[in-house]
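Listed next as structure tokens is one chain, alone, in the form predicted alone.
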Amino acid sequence: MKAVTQQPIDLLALTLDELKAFVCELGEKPYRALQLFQAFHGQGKTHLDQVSNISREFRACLSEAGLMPGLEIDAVHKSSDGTRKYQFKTHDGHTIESVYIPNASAEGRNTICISSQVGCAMGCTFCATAAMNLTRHLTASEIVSQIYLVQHDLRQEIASDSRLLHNIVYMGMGEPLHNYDNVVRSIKLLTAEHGQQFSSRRITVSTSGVVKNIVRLGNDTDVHIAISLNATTNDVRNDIMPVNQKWDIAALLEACKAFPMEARRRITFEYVLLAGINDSDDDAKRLVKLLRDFRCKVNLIPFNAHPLSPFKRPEQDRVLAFQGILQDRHMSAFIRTTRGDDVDAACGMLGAKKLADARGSLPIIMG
């Protein structure tokens, strides 16, 4: 086995071909790479000492040549509706969060909402994560580790060999298209042949409107895209979403039109309803005009109130009236059911430390 001269690299972030090149540099046979890749991404192992089908000598060499700076579960907050918010600690002491949503769809499939950054740079004024600002990007290994660790935790309670997670949404902390390379690499790892082979049709990447990477995502992957629109005029969107000052609504929608899609697919537009800000009948009518040329659906998300944002949730009759205007004009519009709000796991509420400081504390079920 060859001596190591290079800087240690993140083993969990390597594709199978990259792992093959790496183990060959160490003087090992290429099949060792497949063993490692299947252990990491097929079985969800996040530490080298969990990989039992390699020799102690090879494991020691890997420990010297490579790193696996994954995550550790710090706490699990369990909601009364079955939703679980997972808090993870990074190797350098930061906190990120993911949300497990059981039976989230009509088919009874489970969803995981994962994070792509520590904090966020976008500054959306309705989002708790924005109050954290951006600390750093998550690596590809930290992104996929959220899924592997949640699966492992769930299997402690659910004795099943079947897939526990069906849908993956990049809608947690951070702006995925701001961390483009690591997000795309994580998608390739999650969908890889010798990994867990998640279907790209079951993966959705959400963006606040990083226009330069929207078409690029469609060219580099086959995942769904969700656009966090949230306003029908540039004046309002400038106020609530600073990204609009760089890429306005027209630029955003132009990129959406160019997003490559199969004929039966649709773009999802997300619209957080803020009382008295963007929830009027006129807003609904403008939204129809903006989106009339798209194959799309609209997810209406009544604002989940939290102490880090000044906005209020609209009354239910206002939400229904907004939806009715869209549906009367033959637009697919759905109201997203709030899940996990009692543990600050609902849409726009991720950011445990900031929210805990504002509220006083959160009940930790496991940690």
Ligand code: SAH
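Since the structure is predicted, the reported quantities are computational estimates derived from the model, not experimental observations. In case it trips you up, residue 1 is the first one in the sequence shown, and so on.
Although it is not shown, the form predicted together with S-adenosyl-L-homocysteine (SAH) is what the next lines describe.
(message) Quick check on this chain: which one of D222, D74, E270, D283 has a heavy atom within 4.5 Å of S-adenosyl-L-homocysteine (SAH) in the predicted complex?
(response) Looking at the other structure, the residue within range turns out to be E270.
(request) Counting non-hydrogen atoms within 4.5 angstroms of S-adenosyl-L-homocysteine (SAH) in the predicted complex, say which of S98, T111, S208, T83 makes the cut. (result) Exactly one residue meets the criterion: S208.
(request) Could you tell me which stretch in 163-171, 83-91, 288-296, 181-189 has residues with non-hydrogen atoms within 4.5 Å of S-adenosyl-L-homocysteine (SAH) in the predicted complex? (result) Correct option: 163-171.
(request) Would you check, heavy atoms only and a 4.5 Å threshold, whether S228 touches S-adenosyl-L-homocysteine (SAH) in the predicted complex? (result) Residue-level check for S228: yes, a contact with S-adenosyl-L-homocysteine (SAH).
(request) Answer yes if any heavy atom of F303 is within 4.5 Å of a heavy atom of S-adenosyl-L-homocysteine (SAH) in the predicted complex; otherwise answer no. (result) Yes, F303 is a contact residue.
(message) Given that S-adenosyl-L-homocysteine (SAH) is not shown alongside this chain, does I147 nevertheless sit within 4.5 Å of it in the predicted complex, heavy atom to heavy atom?
(response) It does not: once S-adenosyl-L-homocysteine (SAH) is placed as it appears in the predicted complex, I147 has no heavy atom within 4.5 Å of it.
(message) So in the predicted complex, is S-adenosyl-L-homocysteine (SAH) close enough to A255 to count as touching (4.5 Å, heavy atoms)?
(response) So A255 does not count as contacting S-adenosyl-L-homocysteine (SAH).
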